[in-house]
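One chain comes next, on its own, written as structure tokens: the form predicted alone.
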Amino acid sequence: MDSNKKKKVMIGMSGGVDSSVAAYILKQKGYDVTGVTMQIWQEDKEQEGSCCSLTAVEDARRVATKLDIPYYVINFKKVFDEKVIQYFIKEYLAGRTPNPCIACNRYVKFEEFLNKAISMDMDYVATGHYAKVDYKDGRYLLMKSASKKKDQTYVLYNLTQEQLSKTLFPLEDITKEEVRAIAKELKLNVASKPDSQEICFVEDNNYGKFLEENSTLKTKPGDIIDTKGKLLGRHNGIYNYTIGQRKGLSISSNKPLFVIDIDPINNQIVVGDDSEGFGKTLIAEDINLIAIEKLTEERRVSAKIRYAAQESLALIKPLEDDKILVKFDTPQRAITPGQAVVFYDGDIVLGGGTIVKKD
């Protein structure tokens, strides 16, 4: 790719196999590649084995040395704390369930990271995400990767036209199996490294403990009630629960019960049977549209309400204050305020927003 030989790319290297192989692919295509690990762990605390940890730095540095590319660790602690950790705490205390990975992508990996890259005279940024960028009819498009099983467009729906114009996803056309095969062929130390699953700043995935240690939160027990208002038990803080949760409710019942709603005003957890946890309608705000500039009329789409969910057919309709009403054709389980809803037209990401209300 002769036209790219002088193009400079700063790639985020998490110390995992995906970003490592992505860096290799960029170099093979003729780009001038610089590897960077974003230092986001706070006060020398880190979740061992997570992305961007101290261990990840050593793994990424070894890969960069093997690929013979420059490598740096750049401090992003302040913006990560402000835009990801504090957001995470605020949302949980408000009875919502946040998605910190989406916030990290939005404010850290594709805003501050890109700004840093531009200041270093880079032409592009790149990551090991499974996604694709295209350009058609005057707009940059975010599209699903060839690996539908690993596609990560759900957590990237906040990308802007400017950001997409300067972003490369080297893994757009290959599968996870092919990525590991390439890493093994190159004898990279991360070839068999497992994917990071937990939130990088929450030790042992214990949200309650993290919130208690990192906020002014004081444990405030309250009532667990059913959808008719009957008292069933007591909870140990609404932040310990999420919509759809079944285990750990500490109440006795002759049928399985699930968290249906979280009421921060009355400090109550509402539970019900599985059928009561389904809904067809939601309202989303903080909308970002990619494939279209503005939603001016009703539109048929496929949509998903969490990363691991299947897409379902839906009708989206613009509301006042730039909100969007989403009506699914079939009921969806555990529609969760604070999580994202993302809209698709085939392989194209139309956009998405944050769920604020379910009906």
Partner chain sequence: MEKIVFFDNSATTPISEKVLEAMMPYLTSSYGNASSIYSLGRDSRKAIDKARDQVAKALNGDSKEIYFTNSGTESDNWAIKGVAYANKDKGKHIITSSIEHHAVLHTCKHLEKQGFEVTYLPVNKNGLVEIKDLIEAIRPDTILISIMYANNEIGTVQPIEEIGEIAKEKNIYFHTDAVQAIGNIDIDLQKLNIDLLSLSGHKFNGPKGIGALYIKNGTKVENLLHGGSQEKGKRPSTENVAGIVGLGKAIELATKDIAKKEKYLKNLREYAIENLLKIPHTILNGDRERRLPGNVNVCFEYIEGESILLMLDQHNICASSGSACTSGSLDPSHVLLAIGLPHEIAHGSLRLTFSERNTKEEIDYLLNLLPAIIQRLRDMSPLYNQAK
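Positions refer to the first chain, counted from 1. Nothing here was measured: the structure is a model prediction, and the numbers come from that model.
As for the form predicted together with its partner chain, it is not shown, yet the points below apply to it.
Checklist entry - Out of Thr227, Ser215, Asn115, Asn288, which one falls within 4.5 Å of its partner chain in the predicted complex, going by heavy atoms? => result Exactly one listed residue reaches within 4.5 Å, namely Asn115.
Checklist entry - Considering Ser119, Ser192, Asn266, Asn254, which brings a non-hydrogen atom within 4.5 Å of its partner chain in the predicted complex? => result Checking each option against its partner chain in the predicted complex, the one that comes within 4.5 Å is Ser119.
Item to check | in the predicted complex, segment of 294-302, 65-73, 327-335, 311-319 with a heavy atom within 4.5 Å of its partner chain | outcome: Contact criterion met by 65-73 only.
Checklist entry - Heavy atoms within 4.5 Å of its partner chain in the predicted complex: does Lys77 have any? => result Answer yes; at least one heavy atom of Lys77 falls within 4.5 Å of its partner chain in the predicted complex.
Next on the checklist: How about Lys8 - does it come within 4.5 Å of its partner chain in the predicted complex, if we only consider non-hydrogen atoms?
Outcome noted: Answer yes; at least one heavy atom of Lys8 falls within 4.5 Å of its partner chain in the predicted complex.
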